[in-house]
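Only one chain comes next, encoded as structure tokens, the form predicted alone.
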């Protein structure tokens, strides 16, 4: 376990060095965040009572989503892992006394965490000073903030475990492009990355909340904005834990099977 933590710390420290890329990302996320806020504000001018969340809660959801985009964006994947599978460099990994799944999982979490650390503070700081209701509001209570931090961490782990499935399924394909487009598009839509889940019709929302995608960003952002009742929060956290176990368990099984069937051609 110590070697995986050491690798995690190494990758996290390395990720903090990409400050210019972080600045470019911050500018992009500010632009995208302001655009989303203006779009929703335009809809709310019609009939505020027609929406399941207040405009303030929706704006907080948007800014938190932008601040922690690196946690939940499934399209932010590691091309080094794909290259190691496609080009045969995976052979070097198999020669080392490590578990491939664990080392890749540690790397994925470290990279996402380092990216978020560089980007979230400037975005959330500016959003907190925007006029109400267009900025980042305070959490509903100390309990909501604590559960937000807890579910945020669980959402990060669920996202990393989900992306691990895409890496591992690459063993069974010629090119990962189709898998990446299919899985990332589904994750963005069903996780609430495009439209918050409460805005969907209630029958559809109930189904979407049971899927693993909802365990990514939907839970933590809605808890912070106060759009979840106590019973809903308990159920959502249990679902996060359930999907985290299922995704890791499935990923490890597929990874072990793939390791036994790997064929590396060339000298």
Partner chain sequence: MKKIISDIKLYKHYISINLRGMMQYKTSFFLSAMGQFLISFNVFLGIFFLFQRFSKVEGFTYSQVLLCFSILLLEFSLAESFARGFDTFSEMVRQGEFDRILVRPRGEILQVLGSNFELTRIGRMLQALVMFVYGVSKSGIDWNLLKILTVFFMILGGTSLFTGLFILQAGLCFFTLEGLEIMNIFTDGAREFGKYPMEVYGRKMLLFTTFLIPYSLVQYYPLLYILERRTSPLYVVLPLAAAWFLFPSLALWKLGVRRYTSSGS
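Think of the rigid core as the biggest set of C-alphas that the two forms share within 1.5 Å after superposition. In this text, all values refer to a predicted model and were calculated from it rather than measured experimentally. Numbering follows the first chain given and starts at 1.
Omitted from view is the form predicted in complex with its partner chain, to which the following refers.
- Heavy atoms of no residue among 212, 226 and 248 are located within 4.5 Å of its partner chain in the predicted bound form.
- Think of it this way: in the predicted bound form, its partner chain has a heavy atom of just one of 141, 175, 89, 79 within 4.5 Å, and the residue is 175.
- Its partner chain is not shown here, and in the predicted bound form it never comes within 4.5 Å of any heavy atom of residue 231.
- Although the partner is absent here, residue 198 sits close enough that one of its heavy atoms falls within 4.5 Å of its partner chain in the predicted bound form.
- Its partner chain is not shown here, and in the predicted bound form it never comes within 4.5 Å of any heavy atom of residue 107.
- A residue is said to contact a partner when one of its heavy atoms sits within 4.5 Å of a partner heavy atom; residue 20 meets this definition for its partner chain in the predicted bound form.
- The candidate stretches are 108 to 116, 161 to 169, 145 to 153, 188 to 196, and the one lying within 4.5 Å of its partner chain in the predicted bound form by heavy atoms is 188 to 196.
- If you take 21 to 47 and check each residue for a heavy atom within 4.5 Å of its partner chain in the predicted bound form, you get 21, 24, 25, 27, 28, 31, 32, 34, 35, 36, 38, 39, 40, 42, 43, 45, 47, in sequence order.
- Once the rigid core is used as the reference frame, the Cα position of residue 255 differs between the shown form and the other one by less than 2 Å.
- With the core superposed, residue 22 shows a C-alpha displacement of at least 2 Å between the shown form and the other one.
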